[in-house]
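The form predicted alone is given below as one chain in structure tokens.
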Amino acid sequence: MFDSVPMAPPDAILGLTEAYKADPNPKKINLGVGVFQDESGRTPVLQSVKEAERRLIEEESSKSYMPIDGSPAYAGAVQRMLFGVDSAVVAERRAATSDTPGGTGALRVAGDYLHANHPGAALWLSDPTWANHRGVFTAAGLTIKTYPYLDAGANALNFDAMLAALREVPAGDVVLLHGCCHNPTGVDPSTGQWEQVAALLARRGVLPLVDFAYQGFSVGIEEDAAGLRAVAAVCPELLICSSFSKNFGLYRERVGALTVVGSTADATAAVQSQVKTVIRRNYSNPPAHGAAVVATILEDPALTARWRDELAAMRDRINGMRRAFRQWFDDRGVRLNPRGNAFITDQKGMFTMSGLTKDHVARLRDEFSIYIVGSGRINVAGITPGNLDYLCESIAAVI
């Protein structure tokens, strides 16, 4: 049977890493996969995480299975991050959270839930969106549609076109929104724009699904939740897929969460029962370690403060490289966009849509060993003081 199986193409993003590793050029740079790197190009383990793990090793007393939806302590910590400590959603028991294997696991569980319980619902994705969204939700059996998002000419949000498209989304469909640090563009709505989107979705009877993978990587934990909270304030029902790969540096531990918000506690409990059925048929119950690390940090004020400081340092490093990246081109009169380079520092989070074409990207890979996604998306966290000049000189050469 296996002899007739064709070779699958490499993943568009993770495949770049394999090519990068095989490249012998000592100047090679990987700006593809979305992983934070420090100034030396390493992805460090946070000190707050090390301390939490030390405590867990000393105190852990069992390796028995977790509940299907994970630990209540983790669920509570996730909900406080999402909605705040005084949230009515939490107080009214309108939220239920499941521990999932990463943010991708949360997305797949959400997709399977929607396919099983709302079979007529189409899922609307922004254009562009994270490359794996379409694959995950198509595999779950959902019908995929898109709404405009990026004005490529200006490298800015095409808000009017976005609103116009969302006005046509039928009631009962699902719209995926990026909670902050939109991947791949780095372009986020303002708070006022978030409020307009939330009000429109509520009027249309559309279910928001918020992909929240970068909380804390834009401005701060509370500030980055403003869009989500604007949606939760007016939309009686929503789904939220969280990831703690980036803000806790727990990439390989696969720590995520799916949070259901219903109009009543009873409605939430019914949906959560269906989510647990989906989980049971997939991976049965979640791994414990990563979620326990997150809960340990967020339940201890001193550890939380240390973690927030480390998160701020990661955010500051990314923003510092954004400024340096833009400044290099400004100082030399080189424009990555006809309207200038301000978009680089206007965008938020790990990524920037550079404006580089597929031909530019191919030349950067073939001639300079610089690995960038074909769309021109650059992981700013992969830029360091040591590779900045070589990177910018190479980009200037191909454009």
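Throughout, we count residues from 1 along the sequence that is shown. Treat the numbers as computed from the prediction; the structure is a model and nothing was measured.
The same protein has a further form, the form predicted together with a small molecule, not shown here; the description that follows concerns it.
Contact check for Tyr74: every heavy atom lies farther than 4.5 Å from the small molecule in the predicted complex.
With a 4.5 Å cutoff on heavy atoms, Arg322 does not count as touching the small molecule in the predicted complex; it lies far away.
The closest non-hydrogen atom of Ile68 lies beyond 4.5 Å of the small molecule in the predicted complex. Taking non-hydrogen atoms only, Gln215 never approaches the small molecule to within 4.5 angstroms in the predicted complex. You can rule out all but one of 49 to 57, 356 to 364, 26 to 34, 338 to 346: in the predicted complex, only 26 to 34 has residues with a heavy atom within 4.5 Å of the small molecule. The partner is absent here; in the predicted complex, the one residue of Asn183, Ser126, Thr296, Gln79 having a heavy atom within 4.5 Å of the small molecule is Asn183. Checking Phe83, Tyr147, Trp130, Phe137 against the small molecule in the predicted complex, a heavy atom within 4.5 Å turns up for just one residue: Trp130.
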